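Just one chain follows, in the form predicted on its own, and it is written as structure tokens.
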């Protein structure tokens, strides 16, 4: 399984230093999303990059619809990568769904993670009676219908909303990686992500965490960052970025990178 997963998920190790730093991309992107911030870290860390199995840069034959029905299968992939590389301790930066994958991995193997840094993280996207996740069930269903009806039109509408900030290059880049995904895989993963509810296990996280949240994110309300801080079991800090959007590593890398570096040093 070891060498196969490294090849299948396009695993790369770049940089120098005696500490490992994992960058895990979120839904709709691939590892190229980190390219603009990599130069801030490769002089000091051995940076591990990989693609989620659902990414358009991965052979879709590797995506098993029976296996990837929940986030635990993605956790298996992450831990297999780290074990195959011989990593016994690392810092972990996860965007969006990969923040939650990191949380689950840290519960399973807390000794493996020095710190979790989560960008645009949410334990549940759907609203509940005492919880504001940002979406009603009917809204989510209408998104799924739009994706199925006309994937291209959905991408062209969703990408600028998600990027938020007026950064055309970031919109083009996010659109590119969304279009690289096979539409049926995109829809399947979307259903998995939006049906996830990890609120009940947040207290089991004992690894220190840093939550990075932009001032306005169409996918994750600012109240979710506060919810995470109040419910995660380990020492947790929140960093608010003075920019908009769900993908600050694409739209505001020079603003995001120093915040990550500060979080790594604490």
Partner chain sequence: MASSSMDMAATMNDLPDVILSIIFSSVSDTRARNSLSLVNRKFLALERSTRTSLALRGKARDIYMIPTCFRSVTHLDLSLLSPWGCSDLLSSASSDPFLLAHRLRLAFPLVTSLTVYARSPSTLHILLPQWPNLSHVKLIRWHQRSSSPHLGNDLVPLFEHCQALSSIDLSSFYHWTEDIPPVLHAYPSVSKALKYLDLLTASLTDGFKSEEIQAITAACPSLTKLLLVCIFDPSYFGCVGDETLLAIVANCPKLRVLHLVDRASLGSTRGEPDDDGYTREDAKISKVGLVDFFTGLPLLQELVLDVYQNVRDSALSLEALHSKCPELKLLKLGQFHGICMAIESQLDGVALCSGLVSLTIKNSADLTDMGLIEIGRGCCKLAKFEVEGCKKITMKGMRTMASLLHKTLIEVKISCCKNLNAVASLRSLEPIQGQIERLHLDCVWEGLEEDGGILCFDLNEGLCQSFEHEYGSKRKKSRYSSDPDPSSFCMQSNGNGMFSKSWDRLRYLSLWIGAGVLLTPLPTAGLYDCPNLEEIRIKVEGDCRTGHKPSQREFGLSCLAYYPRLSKMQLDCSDTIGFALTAPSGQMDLTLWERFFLNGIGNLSLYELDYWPPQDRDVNQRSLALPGAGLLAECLTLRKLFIHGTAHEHFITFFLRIPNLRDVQLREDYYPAPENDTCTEMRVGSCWRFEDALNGRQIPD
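Basically, rigid core = biggest C-alpha set you can superpose within 1.5 Å across the two forms. Positions refer to the first chain, counted from 1. Model, not experiment: these values are computed from the prediction.
Below, we refer to the form predicted in complex with the partner chain, which is not included among the displayed structures.
At a distance of at most 4.5 angstroms from the partner chain in the predicted complex, all three residues 55, 185 and 251 contribute at least one non-hydrogen atom. With the partner left out here, the partner chain still marks one of 191-199, 160-168, 109-117, 84-92 in the predicted complex; by a 4.5 Å heavy atom cut-off that stretch is 160-168.
In the predicted complex, no heavy atom of residue 103 sits within 4.5 Å of the partner chain.
The partner chain in the predicted complex comes within 4.5 Å of no heavy atom belonging to residue 236. Proximity of residue 180 to the partner chain in the predicted complex: non-hydrogen atoms within 4.5 Å are present. Residue contact check for residue 243: none of its heavy atoms lie within 4.5 Å of the partner chain in the predicted complex.
The partner is absent here; in the predicted complex, the one residue of 206, 231, 216, 67 having a heavy atom within 4.5 Å of the partner chain is 216.
Residues of 6-45 that come within 4.5 Å of the partner chain in the predicted complex, judged by any heavy atom, are 10, 12, 29, 30, 31, 32, 35, 36 in sequence order. Residue 148 is among the residues whose C-alpha shifts by 2 Å or more between the shown form and the other one once the rigid core is aligned. Shown in the overlay between the shown form and the other one, fitted on the rigid core, is a CA shift at residue 157 of 2 Å or greater. Superposition of the core reveals a Cα shift of 2 Å or more for residue 180 between the shown form and the other one.
Relative to this form, residue 168 and residue 133 approach one another in the predicted complex, with their C-alpha atoms ending up at least 3 Å closer. Note: the CA-CA distance for residue 33 and residue 162 expands in the predicted complex relative to this form, by 3 angstroms or more.
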